[in-house]
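One chain comes next, on its own, written out as structure tokens in the form predicted on its own.
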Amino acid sequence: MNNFELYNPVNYVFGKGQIEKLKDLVPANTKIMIAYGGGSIFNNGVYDQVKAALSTQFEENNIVEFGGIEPNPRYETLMKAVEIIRTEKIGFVLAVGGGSVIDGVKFISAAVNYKGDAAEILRKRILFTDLSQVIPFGTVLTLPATGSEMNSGAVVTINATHEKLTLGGSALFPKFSVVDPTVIASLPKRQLQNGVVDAFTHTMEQYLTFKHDAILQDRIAEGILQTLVEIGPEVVENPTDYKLASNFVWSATMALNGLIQKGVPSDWATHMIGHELTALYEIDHARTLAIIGPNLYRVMFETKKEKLAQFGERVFHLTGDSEEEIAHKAIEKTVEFFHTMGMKTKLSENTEEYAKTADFIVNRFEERGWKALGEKQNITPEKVREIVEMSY
């Protein structure tokens, strides 16, 4: 097992009716901003619950609201919130929404005190480790998928240049996250489907590499994958079922809170390629992962086949006459699962403008110096091209 450090300071507050605890979680004697997305929180009752909880601690003039944070949050939008925080001298931000809102607030937190062009945070992948550099924030999760409620990473899109880039650092963990599984009851099927596939692929990025001696991490990852395969189709159809909802939400958090990545190799090339598809064509993030993931496994088969076979045997209970046979079956079973979850796994099924996609992505990766991706740094620009073209 590789050396590692595990640090996760998030106060994770889980279960029914927990939003009312905001009155004790949000620091008093400070001005706060409530940040949210397109307004779904007004329809599902979450906004009213948040305001009711805060009303016992805060006067109305000490609460500023900022709405309109997009799916795949835009740098340009987030900078408007940054300016409001600077002007209003806001001391705490509450993100109420899914991963995009929470990711957006992480960027806002980092950008408020940043000296210089805040786009550098994304383009230079600056890590924030000093708490004095950032504005503290908490979250109320409304859409499980990204695990952003219990990690310190984020993804933000610079709309002007169609770039989807990351940021992070230990100073960007939420102070707390309130997670009430009942809020998923009002989500559209498409968002629930996306959430399951997103969490599944997050787990695969940290699990589907090569065999190593981190036995426990493998078993935890396989448990998450098995749970998502078991409950994923059901929770989409029955989001009011608390057993299904609570296990889905917890699986999504566990998939990317740092635990299963410690001591093991990880990949993340599926995400890096998938981000470009979202930036180019506005394809839902999870759907880009369903397009790219299986083809990455096919192209990188020789270096991943041992782990693919283990995955097939333990998660899908597959058998075969050889390791290669089971590994191939595992890829096809994954595609079948994605189809069950409503995913269209070809780029041509998601956009008509795909012909030059491989050229664009390879050129962009080369410009950034991304010439050796994956757990073995063996996903070259040529491999990226093959993966993308196979995904057409």
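Predicted, not measured: the structure shown is a model, and the values here were computed from it. Don't overthink the numbering: it's just position in the shown sequence, from 1.
Beyond the structure shown, there is the form predicted in complex with ligand NZQ, which is absent from this document and is the topic of what follows.
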With the partner omitted here, the residue among N62, N44, T340, S348 that in the predicted complex has a heavy atom within 4.5 Å of ligand NZQ is N44
From the list A111, I292, V93, V183, which entry has a heavy atom within 4.5 Å of ligand NZQ in the predicted complex? V183
Considering only heavy atoms, tell me if G98 and ligand NZQ come within 4.5 Å of each other in the predicted complex. yes
Is there a heavy atom of G153 lying 4.5 Å or less from a heavy atom of ligand NZQ in the predicted complex? yes
Within a 4.5 Å heavy atom cut-off, is T209 in contact with ligand NZQ in the predicted complex? no
Is there a non-hydrogen atom of G258 within 4.5 angstroms of a non-hydrogen atom of ligand NZQ in the predicted complex? no
Counting any heavy atom within 4.5 Å as contact, can you tell me which stretch out of 215-223, 241-249, 295-303, 188-196 lines ligand NZQ in the predicted complex? 188-196
Let me test this: is every residue among T30, A35 and T139 within 4.5 Å of ligand NZQ in the predicted complex, going by heavy atom positions? no
Mind listing which residues of 127-148 have a heavy atom within 4.5 Å of ligand NZQ in the predicted complex? T142, L143, A145, T146, S148
